[in-house]
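Just the one chain here, the form predicted on its own, laid out as structure tokens.
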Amino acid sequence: MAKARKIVKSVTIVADKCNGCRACEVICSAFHAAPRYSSNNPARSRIRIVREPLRDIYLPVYAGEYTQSECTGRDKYIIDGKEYSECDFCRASCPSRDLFKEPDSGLPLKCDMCEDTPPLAKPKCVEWCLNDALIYEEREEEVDVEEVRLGDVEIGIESLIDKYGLQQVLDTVARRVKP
């Protein structure tokens, strides 16, 4: 297996600085609306605030990978006398809860670090966090790269053609190839 250098993007959460304003949720849902900024529905946000306002506890959690089954971890955490389940802090979209699922379709949501063209300097949630509770970091790592098998590419292209049509696939490839 070949090695390659890859830029890994992450958001570090400083829970002590979060005041629960939920600006991150609002901007995330607006950025990912179709068309962009046309609506605001925090249920579509890829970041959520776990909150206990009476005790002034707020914890941002952003969406991670989809998992097809429930985890077996059912640990409990007690923070300032209040009990939380492990699911409260979990980043995964899983079958046992509706957190990080698109409300209309039920499809899982995953943080994409606000990938855009041209690329943004940092994700919108980090940009809009007034208390610096969210810190954007990029680091370079060496990762294993799987060699692409021709059959996988053909299956992928056939799926795209079936879904979008040959002409749209060709137009998209042509756009992506231009410098």
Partner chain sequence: MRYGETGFDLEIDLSRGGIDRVASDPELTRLFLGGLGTNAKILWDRVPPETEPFSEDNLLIFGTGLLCGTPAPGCNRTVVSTISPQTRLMAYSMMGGFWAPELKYAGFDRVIIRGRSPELVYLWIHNDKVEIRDASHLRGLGAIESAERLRKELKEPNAQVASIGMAGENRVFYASIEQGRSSASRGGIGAVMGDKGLKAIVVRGTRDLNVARPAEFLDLCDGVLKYIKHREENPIQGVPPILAGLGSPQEMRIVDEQWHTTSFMWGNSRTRRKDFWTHEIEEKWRETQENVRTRLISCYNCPMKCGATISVPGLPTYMMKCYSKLTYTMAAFSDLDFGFRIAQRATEYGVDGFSAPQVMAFALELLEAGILTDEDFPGMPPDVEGRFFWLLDRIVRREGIGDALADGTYWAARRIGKGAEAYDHNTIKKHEQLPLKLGMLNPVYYLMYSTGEKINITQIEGQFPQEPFATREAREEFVKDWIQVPDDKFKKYYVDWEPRGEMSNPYYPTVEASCDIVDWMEKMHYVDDALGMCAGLSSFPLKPPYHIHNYPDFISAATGMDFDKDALWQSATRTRTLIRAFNVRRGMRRSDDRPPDDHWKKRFPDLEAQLLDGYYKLKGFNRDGIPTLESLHALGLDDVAEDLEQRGIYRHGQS
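Predicted, not measured: the structure shown is a model, and the values here were computed from it. Residue numbers count along the first chain shown, from 1.
Beyond what is shown, the protein has a form predicted in complex with the partner chain; the following relates to that form.
Taking 113, 120, 43, 61 one by one, only a single residue has any non-hydrogen atom within 4.5 Å of the partner chain in the predicted complex, and it is 43. Contact check at 4.5 Å (heavy atoms) against the partner chain in the predicted complex: all three of 19, 53 and 103 pass. Remark: residue 128 counts among the residues lining the partner chain in the predicted complex, judged by a heavy atom distance of 4.5 Å or less. Although the partner is absent here, residue 11 sits far enough away that none of its heavy atoms falls within 4.5 Å of the partner chain in the predicted complex. Taking non-hydrogen atoms only, residue 38 approaches the partner chain to within 4.5 angstroms in the predicted complex. Not displayed here, the partner chain is kept clear of residue 97 by more than 4.5 Å at the level of heavy atoms in the predicted complex.
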